[in-house]
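Take a look at this one chain, the form predicted alone, written out in structure tokens.
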Amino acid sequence: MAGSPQDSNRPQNTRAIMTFLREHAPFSNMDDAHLAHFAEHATLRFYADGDPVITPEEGVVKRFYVVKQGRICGERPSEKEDRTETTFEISVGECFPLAALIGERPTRTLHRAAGDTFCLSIEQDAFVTLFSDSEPFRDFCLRGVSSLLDQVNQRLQSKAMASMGSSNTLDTPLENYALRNPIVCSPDLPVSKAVARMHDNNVGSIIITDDNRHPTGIFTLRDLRTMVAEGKSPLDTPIGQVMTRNPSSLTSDADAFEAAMLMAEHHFAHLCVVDEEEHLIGVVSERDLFSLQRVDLVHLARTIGTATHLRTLVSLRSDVSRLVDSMLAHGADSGQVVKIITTLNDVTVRRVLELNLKRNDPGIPFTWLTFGSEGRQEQTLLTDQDNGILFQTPEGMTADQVREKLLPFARTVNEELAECGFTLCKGNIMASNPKLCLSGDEWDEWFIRFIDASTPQNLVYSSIFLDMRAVYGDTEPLRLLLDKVLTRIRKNALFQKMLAGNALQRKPPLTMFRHFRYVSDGDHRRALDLKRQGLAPFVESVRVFALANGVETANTLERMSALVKKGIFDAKDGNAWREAYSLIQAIRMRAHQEMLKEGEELSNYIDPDDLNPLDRRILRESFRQAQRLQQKLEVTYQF
């Protein structure tokens, strides 16, 4: 075997090996005793440029390797030509060959030294001991990129939590919170006695229940203030007449993130917690979720949703960035954070619309649509406007007459949203564009042409208009429209294939040798575009599979989960793709936060040299996962 004659004796400096290993995953998470076990059983092997390290012909793999200096390339015979091709590259700190060792089989790839290379190596017995005794090592061997991503998230959260001092995260089930025994009453209790009961128990809400302890209503101190201010009902009114009916509830196994999003979306501060039979078992408040108001999602959403002036909305946008910092500190992953940002953006858009309707109601009911990343609920702090209007033409009017009334209103809304930080769309994908202010029938005809005439421009539009959501107004017209659109796409194999071909144009930024492929436009000579090069290959590939298989949700992570449930994606692949996509999104958001702190203009470009070694390694692996997803798309549509 190449390298054997030049093996050194087992390294004497165990401490030096342990120091080297600690700089790289998964060893950075392992106990000293397990690192010492590796170091004591390791040999240092040298391979000259071009030497084979492991070959398929050698049979079942018996050794585990970590690159200490140099790099290893993987080679396989080309299916199309009579030659070999490099399929991957392994650099300093990375290990191999995991799949073959765990599967107790030969490697399928020839591993060859690229330049003079040194590897630390242990035999199978020592590997099996580590695999059995070290949970971080075993987890890494089995889950690869998913395990690495978990390590990054845990590291980020532990740093943030140390500064925040909180024990609960947004993934914490509600049953883990100190749920107060809820103060309850029957619907015939007078308001004055209900308020006295709230005062005696020092709570801000009382739950109205039926004979089976099912929550039928809720009454809060805010309701009391409104009742007194309006003077419409005396204090001896039965509480059942003034309560908020059908209060929102979650089961105790739901997590804090679900509760926070529900509160933010609907501007309330208390939530009923019920068991599987919907019996009331507790109440969780905004204050319970975010002690000492360190993370004030619900309060911020309510403040935005009740703002009386545009200037208030403009001033509140800076609070969103501070909230993102706090949410990350409380354990929110990137998928949660983008939903939080999108929710606050939705609340802002709705409030701008409401303020304009108060000043100048065009008198035509409409549904305000949002497309692209906001339609997928995947917005970050860097966002522009992609919106439109869907209306039903009133009897006695034409669609053009309706547009005459709606377009000036839409233009004002677009301009005011720009003042709030939602940049005007350079491509004019906005509701003030007459082509995007359409009746339900016109939208239907537009999509028929869109699908039947798969022009290059229409395929570009697919990345915008096929991720559509209602933000304001009646949602039923959009549901009916999307039902028809999705049915046509499922039946149109040619359109699906053209969508797939268009999705494959967005290549992850990796060369054949797994080096980063940098953008070369403008001032960005050594940078990666995390949106177009990193996220888009996932978003656009997953969209094709989702549309072809009847997945109605537009969110990329939710689409992946739905495709796993339908058996379209293998569960392990689906998990790896979710984790890889989430990592890229997390790095993008962290970069945005740093840019804001430095007073820089927000951008999707990063220089990977600015990342630490672990983040660079995981980013490279995440791009490789995007390549694997695109390979599945190529096979499915026979490219």
Partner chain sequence: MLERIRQWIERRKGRQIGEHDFSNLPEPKTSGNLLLDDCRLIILDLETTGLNPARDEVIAIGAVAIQGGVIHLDDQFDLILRRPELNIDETVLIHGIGNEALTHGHETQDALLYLLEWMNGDPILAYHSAFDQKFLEKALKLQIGYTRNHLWMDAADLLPALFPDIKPGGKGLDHWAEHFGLEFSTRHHAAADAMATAELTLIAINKAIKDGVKTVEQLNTKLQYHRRLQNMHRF
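All values derive from a computational prediction rather than experimental measurement. Only the largest set of C-alpha atoms that superpose within 1.5 Å between the two forms is called the rigid core. Numbering follows the first chain given and starts at 1.
Separately, the form predicted in complex with its partner chain exists; it is not shown, and the next lines address it.
Contact with its partner chain in the model of the complex, defined as any heavy atom within 4.5 Å, is confined among 355-363, 111-119, 500-508, 429-437 to 111-119.
Interface residue among Val66, Leu611, Leu44, Ala591 relative to its partner chain in the model of the complex, by the heavy atom within 4.5 Å criterion: Leu44. This chain is displayed alone, yet in the model of the complex one of Ala586, Ile606, Met30, Ala39 has a heavy atom within 4.5 Å of its partner chain; that residue is Ala39. Residue contact check for Leu602: none of its heavy atoms lie within 4.5 Å of its partner chain in the model of the complex. Although the partner is absent here, Ala571 sits far enough away that none of its heavy atoms falls within 4.5 Å of its partner chain in the model of the complex. Using a 4.5 Å cutoff between non-hydrogen atoms, Thr14 counts as a contact of its partner chain in the model of the complex. A residue is said to contact a partner when one of its heavy atoms sits within 4.5 Å of a partner heavy atom; Ala48 meets this definition for its partner chain in the model of the complex.
After superposing the rigid core, the Cα of Thr308 is displaced by less than 2 Å between this form and the one not shown.
After superposing the rigid core, the C-alpha of Gln631 moves by less than 2 Å between this form and the one not shown. With the core held fixed between this form and the one not shown, Gly574 has its Cα displaced by under 2 Å.
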